[in-house]
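Shown next as structure tokens: one chain only, the form predicted on its own.
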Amino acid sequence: MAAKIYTITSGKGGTGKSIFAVNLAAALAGLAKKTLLIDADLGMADIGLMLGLENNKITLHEVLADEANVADALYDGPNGLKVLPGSLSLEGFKKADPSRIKNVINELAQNFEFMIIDTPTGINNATAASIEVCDEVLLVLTPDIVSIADGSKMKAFSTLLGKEVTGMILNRTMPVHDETYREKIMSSLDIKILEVLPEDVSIPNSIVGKSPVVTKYPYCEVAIAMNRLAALFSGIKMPEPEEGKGQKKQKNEKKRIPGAKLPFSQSKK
């Protein structure tokens, strides 16, 4: 068995790249696929923080510094997911050798069905190493001109490394980003949109709860889309969710988490 390796990247920050990687990996694991999530964002590793794994002393950084075995840096995540987090320490970043990323991935590939690699934003050595070793590159964009322009550069960068971008995920969309708008983006980048994910309060709420949205709010629109994408990659036909199922429960759960507000909501006067 050799893992199918997906590298998740973006040209700028704020696209939701890491959140997407976490949820895609959790969705694949939820389909009983043996899945590993790797945080290769060596400078701004935050997947461990998102999943409550921030206090573990052995991480990818120690492995890349040749101070630990990779088996000791693997941790249990949601749905049976395995996680290889990065260190929150800048000292860890200083010691880590990004040229060793390919060796680590190749060492682990025989043990999993899927590997999801979250990269740093933009063009750098860690992103290059993660692209070179993968089977498919997924680009996460937001529907704004800067993200789209930087996405075009990342597509060209991937091509230089011998890998074509398989598709893009258009994230944090609003109703104004209709089908016509999306077709213009696909035409300008010549990349297929695999999924369109809306701006959703479930995302910040799930981060507060240190859980993927696919496990914490499985009936929200983002979770359904993520499971649909995981099923596509797995070759599984997913049944359509029953209309209205879980919606009341979903709303009540959102209300119980403090500090989260609906995007662009207006305060009551």
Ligand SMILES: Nc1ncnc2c1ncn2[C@@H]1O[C@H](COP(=O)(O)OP(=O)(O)OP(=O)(O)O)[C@@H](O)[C@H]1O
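The model shown is predicted, which means the values in this text are computed figures rather than measured ones. Just count from 1 along the sequence shown to find any residue number.
Another form, the form predicted in complex with the named molecule, is not on view; read the next lines as being about it.
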| item | value |
| --- | --- |
| Contact label in the predicted bound form: M50 to the named molecule, heavy atom within 4.5 Å | yes |
| Residue contact check: I58 to the named molecule in the predicted bound form, 4.5 Å heavy atom | no |
| Contact test in the predicted bound form: I207 vs the named molecule, heavy atoms, 4.5 Å | yes |
| Touches the named molecule in the predicted bound form: N79 (any heavy atom, 4.5 Å) | no |
| Among the candidates S147, T127, N171, S87, the residue which, in the predicted bound form, approaches the named molecule to within 4.5 Å (heavy atoms) | N171 |
| Partner-contacting position among L36, L42, A223, I203 - heavy atom within 4.5 Å of the named molecule in the predicted bound form | I203 |
| Location of the named molecule contact in the predicted bound form, chosen stretch of 100 to 108, 149 to 157, 191 to 199, 70 to 78 [non-hydrogen atom, 4.5 Å] | 191 to 199 |
| Residues of stretch 115 to 134 in contact with the named molecule in the predicted bound form (4.5 Å, non-hydrogen atom) | T121 |
